[in-house]
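A single chain, nothing else alongside it, follows as structure tokens in the form predicted on its own.
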């Protein structure tokens, strides 16, 4: 009993995932098929990568409203570069560089100039969206090299290559958060910034570095979106922001900082992926799905607060 409660406290999304998996398996014979699972993993690779970055931001008590549109602008700029040069490495470097620039801008304004994260990232969100649509003229950027298209269809032991990228980033992030001085400082800054300052931690730098990391991951997610969709789509990230935030919250990471983990976020992404996929399979209309997702976020947030002692926000 104690071990079960301990697991719920650490990973509050597990019982919801289990219940959804059982329910959808009963209602749809296709849910547990290898093809459906592979498709579900590939479709959520972009969300997984971006959600890692949002987790770091939440852990310091911040928020990044620009992360979804940075995905879009990174994809568009990388798509244009690859279309003109046919160079995949240059496209990847470009996507990461664009994400890094936006992450650095957020980090400098929030970490060093102490601007409000909500307003700051809302402004960069608008800038990123505008740049994406101006450069692409509102249409998909074509001319993606075939290697990128092939990569989007590759899989290994039933796991899509794009998902493998996300899993590698998960492992790196888990190590960075749990085994490095920087990770421990991130947790302390999120728990109590004043205590962190008294302990000699450069809080401004930690805040800057977290937003920088989130920007870089958004850039990687933008590049992966090209592999997923075949072209760079200027509005690819427009519908992802609430999904990314929802996945992190449902996983059990507190928006108030200092409570959560990358592993929890992986479970949160899995939960929303199963929910969306299962509802589609059983034929639930899109707008009805939104209602169900909203109710689930309420319930998941309550469950996370109950078992992990989070504060309401």
Partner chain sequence: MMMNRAADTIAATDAKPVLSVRNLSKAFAGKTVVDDVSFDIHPGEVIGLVGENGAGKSTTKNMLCGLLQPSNGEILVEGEVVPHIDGPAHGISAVHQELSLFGSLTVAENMCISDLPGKPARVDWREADRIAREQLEFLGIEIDTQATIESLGSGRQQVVEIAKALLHADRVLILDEPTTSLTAVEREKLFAIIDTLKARGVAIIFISHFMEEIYRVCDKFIVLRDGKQVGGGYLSDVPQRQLEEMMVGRTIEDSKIDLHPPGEVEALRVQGLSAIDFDGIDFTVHKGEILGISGLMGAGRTEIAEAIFGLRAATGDVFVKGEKVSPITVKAMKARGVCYVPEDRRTNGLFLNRPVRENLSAAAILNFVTRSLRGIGFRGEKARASDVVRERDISVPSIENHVSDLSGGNQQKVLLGRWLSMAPEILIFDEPTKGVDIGAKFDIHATIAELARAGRAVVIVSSDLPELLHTTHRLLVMRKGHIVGEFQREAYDSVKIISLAASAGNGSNGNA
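If you're wondering where the values come from, they're calculated on a predicted model, not measured in any experiment. Numbering follows the first chain given and starts at 1.
Absent from the display: the form predicted together with the partner chain. The rest refers to it.
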{"query": "Residue among 205, 153, 175, 147 with a heavy atom within 4.5 Å of the partner chain in the model of the complex", "finding": "175"}
{"query": "Listed residue (93, 83, 167, 199) with a non-hydrogen atom within 4.5 angstroms of the partner chain in the model of the complex", "finding": "199"}
{"query": "Options 177 to 185, 70 to 78, 214 to 222, 84 to 92; stretch whose heavy atom lies within 4.5 Å of the partner chain in the model of the complex", "finding": "177 to 185"}
{"query": "Contact label in the model of the complex: residue 194 to the partner chain, heavy atom within 4.5 Å", "finding": "yes"}
{"query": "Residue contact check: residue 258 to the partner chain in the model of the complex, 4.5 Å heavy atom", "finding": "yes"}
{"query": "Members of 260 to 297 lying within 4.5 angstroms of the partner chain, judged by heavy atom, in the model of the complex", "finding": "none"}
